[in-house]
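There is one chain below, alone, in structure tokens, taken in the form predicted alone.
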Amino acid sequence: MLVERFAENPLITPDDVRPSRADYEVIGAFNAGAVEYNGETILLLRIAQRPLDKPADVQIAPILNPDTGEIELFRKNNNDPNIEIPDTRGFYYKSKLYLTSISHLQLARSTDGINFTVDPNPAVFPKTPYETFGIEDPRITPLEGRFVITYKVVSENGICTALMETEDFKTFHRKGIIFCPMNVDVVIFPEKINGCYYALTRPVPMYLGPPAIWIASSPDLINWGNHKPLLPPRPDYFDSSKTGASCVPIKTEEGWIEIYHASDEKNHYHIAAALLDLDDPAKVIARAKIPLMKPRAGYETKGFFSNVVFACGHTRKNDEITIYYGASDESTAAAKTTIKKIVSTLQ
């Protein structure tokens, strides 16, 4: 086997998380950034929640009012001629998209990487005008003595990537938007390369070009340029529809290993890997001929949004890699693999 799923999966489910308010329910605890810190495995989870009181014939979108800090509810009947409901995650009203849940970030901690305790309160809650629909999908990069975290900020202005920093996972400092709509799935390399910071990004073209992994560089983590396409979808492969960076790149003697996510024409998600040059990560040395993982377990094939395995973080112990991933946009699971096994999937 290329990966060994934990027997304890899913490690964290919505039932393990207390909602931020009594009249809400948690529907997702997933897509967590991961890091080792002070002898613990730290997961920074995306927690999706929605109002408990939802009639079956009504769509409700919880939206933050940044002036008051309160969440207000936008309601529309299902029989309204101006409404479209593509799936459970959201609805369109007069061609404008609304989300049926709102996400924040919350910490979970473990001494063995398997049994996690979720903190009782959010670590980072939506706050700014660019976060009115929620904050999502963090990636944590240890860098120069602190942790830099990229995450999606969602509002009526679009989906952007923002940056924040922490030194202790107690206080988080927002640094603002670093990529405007829609450029998401951003992961920052854990060290400078030839004097520059590097990030993998995923711009989403509207008319021409596929949703693909790009690469960019920066002198200061805030101002990014030198954008180049890197890992596009491939016809007739498991990653034929779209690709996006998942985990912080892993430095090895052979090159930077990037564990990425990809979907096929059926919108089934996979986890795979690519190998990038150590001195020039814009150069692809090798790429997966087969995926590391595809949806197989029941918690991956059925859920809030089925047939999804979506990683945002990993931990490393020598040659062993633990991938923490979101399963069906609902729960958090984990699987072990090794550098050797990852390399065996490349061509």
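A residue's number is simply how far along the shown sequence it sits, counting from 1. Small disclaimer: the values here were computed from a predicted structure and weren't measured.
A second form of this protein, the form predicted in complex with another copy of the chain, is not displayed here; the remarks below concern that form.
*Asks:* If we define contact as a non-hydrogen atom of the residue within 4.5 angstroms of the partner, is Val204 a contact of another copy of the chain in the model of the complex?
*Replies:* Yes, Val204 lies within 4.5 Å of another copy of the chain in the model of the complex.
*Asks:* Hey, in the model of the complex, does Thr88 get a heavy atom within 4.5 angstroms of another copy of the chain?
*Replies:* Thr88: no, not in contact with another copy of the chain in the model of the complex.
*Asks:* Using the partner position in the model of the complex, report whether Arg146 sits within 4.5 Å of another copy of the chain, counting heavy atoms only.
*Replies:* Looking in the model of the complex, residue contacts with another copy of the chain do not include Arg146, since no heavy atom lies within 4.5 Å.
*Asks:* Answer with yes or no whether Pro81 is in contact with another copy of the chain in the model of the complex, where contact means some heavy atom within 4.5 Å.
*Replies:* Pro81 lies outside the contact set for another copy of the chain.
*Asks:* Counting only non-hydrogen atoms, choose the one of 248 to 256, 111 to 119, 178 to 186, 271 to 279 that falls within 4.5 Å of another copy of the chain in the model of the complex.
*Replies:* Looking at the partner contacts, the answer comes out as 178 to 186.
*Asks:* Considering non-hydrogen atoms and a 4.5 Å limit, which listed residue (Tyr237, Phe125, Phe169, Trp224) is close to another copy of the chain in the model of the complex?
*Replies:* Spelling it out, the residue with a heavy atom inside the cut-off is Trp224.
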